[in-house]
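In the block that follows, a single chain appears as structure tokens, in the form predicted on its own.
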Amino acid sequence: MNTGVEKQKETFEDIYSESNNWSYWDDTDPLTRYLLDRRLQIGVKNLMKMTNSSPQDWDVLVICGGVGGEGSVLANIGFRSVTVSDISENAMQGCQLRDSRLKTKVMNAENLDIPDESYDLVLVQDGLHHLPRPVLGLTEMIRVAKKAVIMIEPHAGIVANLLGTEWEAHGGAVNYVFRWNKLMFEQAVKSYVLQMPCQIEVIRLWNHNLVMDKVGKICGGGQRGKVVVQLCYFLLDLFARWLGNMAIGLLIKNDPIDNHN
């Protein structure tokens, strides 16, 4: 059976070639930074609250990490060590050039070539739905996480069904846009960890950054645009519990080892 992994690798090697510009990840404009950082900040803030810890206590692996944009955000937040992985060697080369603070590993997210519990935290943002087998990607994250997993992916629901894209094409590779909800996340986690004690939380929110970027710029951009977009997201998130298009899945492993040291 053709799993699509080789075609995915070929396509993303081309996407992350030197001819493409990824400098927006290093933009310091307040509006841009808010849009890039928002979901990661929410996920990390909730994880730290649930574990009564701080980022300095954790090392983190980012899967499907591209040129390390999310990795740089996590390094800025203050994580002890940040490693970025991707199936594309070009992406990892770009990551090393972008941010020398980040460690890199070329790995297939469906078959991470590292031992169990190698990193305190394993995180993905908008990466699982590019995989041929997204649930396998999640269970690999759980396997190599010592303490916790953060998954930031599209949420299945009314809005997604009506307005969301079902298929995405990247060069020669086509992927189905796999969407999650709380029940799906819980079932995928529990079927893998079985009766191991754990905490599972799914946060539902809105994410329409392309639209919000336009709104913010119409309102003046910069700090003023950021404030307007923050207000827009605040109002939208009042209804996120029922209609939000984005899911942040949190898994915390509660084993006999003190997870906060």
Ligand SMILES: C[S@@+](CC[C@H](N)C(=O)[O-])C[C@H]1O[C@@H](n2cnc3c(N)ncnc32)[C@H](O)[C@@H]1O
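Remember, it's a predicted structure, so these values are computed and weren't measured experimentally. Each residue number is its position in the shown sequence, starting from 1.
Omitted here: the form predicted together with this ligand. The next part is about that form.
Proximity to this ligand in the predicted complex, defined as a heavy atom within 4.5 Å, holds among D99, E186, E117, D126 only for D126.
The listed set L31, L47, M212, C64 contains one residue whose heavy atoms approach this ligand in the predicted complex to within 4.5 Å, identified as C64. The closest heavy atom approach of T83 to this ligand in the predicted complex falls outside 4.5 Å. At least one heavy atom of S88 is located within 4.5 Å of this ligand in the predicted complex. At a distance threshold of 4.5 angstroms between non-hydrogen atoms, N108 is in contact with this ligand in the predicted complex.
Using a 4.5 angstroms threshold between heavy atoms, I142 stays clear of this ligand in the predicted complex. With this ligand left out of view, the stretch that reaches within 4.5 Å of it through heavy atoms in the predicted complex is, among 129 to 137, 156 to 164, 142 to 150, 177 to 185, 129 to 137.
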